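Coming up is one lone chain in structure tokens, specifically the form predicted alone.
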Amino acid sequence: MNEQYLEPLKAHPEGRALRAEVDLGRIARNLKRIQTASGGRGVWGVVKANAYGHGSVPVGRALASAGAHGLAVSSLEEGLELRQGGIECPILVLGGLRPEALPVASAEGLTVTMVGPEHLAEYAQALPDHPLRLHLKLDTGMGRFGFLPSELGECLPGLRRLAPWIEGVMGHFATADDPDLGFAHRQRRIFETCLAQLADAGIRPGQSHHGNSDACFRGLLETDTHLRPGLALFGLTTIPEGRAIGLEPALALVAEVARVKIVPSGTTVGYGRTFVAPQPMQIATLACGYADGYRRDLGNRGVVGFAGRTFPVVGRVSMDYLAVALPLGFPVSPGDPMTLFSPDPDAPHSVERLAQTLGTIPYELVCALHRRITRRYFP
């Protein structure tokens, strides 16, 4: 994979080149590894937020072809984008829908999450004319969407009316990545108690899924029939157990050098003059900035890869450009590709390492990648 990123990028017709190189083969292999780690459970592949910045339609197609049970998105708009992209597998809208959106969801064959009791009556009225599959969400401790265990009993009559359309029951772990799994086990117990309560009321959906990527790797799936991995599909993880199964990061962010100049000692670079050249050096300007999703606070902290080495990002990252410092005499020319996000998880400019530098999580870095970035896909 790495050899692909050493090839010169084709010049953009407007003189600017920035691409996310996405290896769909790695994503398919990550899916297989997750399926194996889960004991063969069905996988709802989470592709919300433009597939975590990787491109929802190409990634969705790859996951469907590789054996995912279905795809999960956040909103109606994301689900419609997948359908318009020709994806026919089940698509689960995690964020729920207002009743007036149900006709469109039904026409497109989307599966909808019931996120609380507020629309029970409206759903019961709409579904006979606009049938679709439902997944009932339980709030076992995340504190956002879902039926609270304390209100489930009073909602059972309304849920019974919807039982013919309820395909699944789901929850959401809040601390599956925490070294202390005490709260996660508590959530699991609450989930199982609620499932039993639903079964006693005659509501026995064929699917149950509480687990995400980290829950899979840490043995928290228990009676789940399915799971909902997200970040792990793209080869990224925040816990050692995830890295241990051989996940392969699938994205490299590559920008071409727009200009190279030799500057004398004392030259300042960028807004605020936060970098002062300590000696004569080369400054390469890259066509990537915070408007593309490359974090502004990586200025004077981040590094990029070039010709088998890493070089520092210097000065503040601006909206469309950033600067890289190289020693005098090092061969570099306009049009040369530099790697801003490396697919090597051990590289100092990998998404995981850069996230650690910034005190954040890999999700934030890849989800921020703007759609104006060209994406190129490899099978």
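Note that the structure is a prediction, hence the values are computed from the model and not measured. Quick note: we count residues from 1 along the sequence shown, nothing fancier.
The following text describes the form predicted together with a small molecule, which does not appear among the structures shown.
Not one of Tyr290, Leu298 and Arg353 comes within 4.5 Å of the small molecule in the model of the complex, counting any heavy atom.
Proximity to the small molecule in the model of the complex, taken as heavy atoms within 4.5 Å, picks out 228-236 from the listed stretches 228-236, 97-105, 270-278, 125-133. This chain appears without its partner; in the model of the complex, the one residue of Met338, Val324, Val46, Leu63 with a heavy atom within 4.5 Å of the small molecule is Val46. Though the small molecule is absent from this view, in the model of the complex it lies within 4.5 Å of a heavy atom of just one residue from Lys261, Arg309, Arg144, Arg204, which is Arg144. Using a 4.5 angstroms limit between non-hydrogen atoms, Arg188 is distant from the small molecule in the model of the complex. The closest non-hydrogen atom of Ser213 lies within 4.5 Å of the small molecule in the model of the complex.
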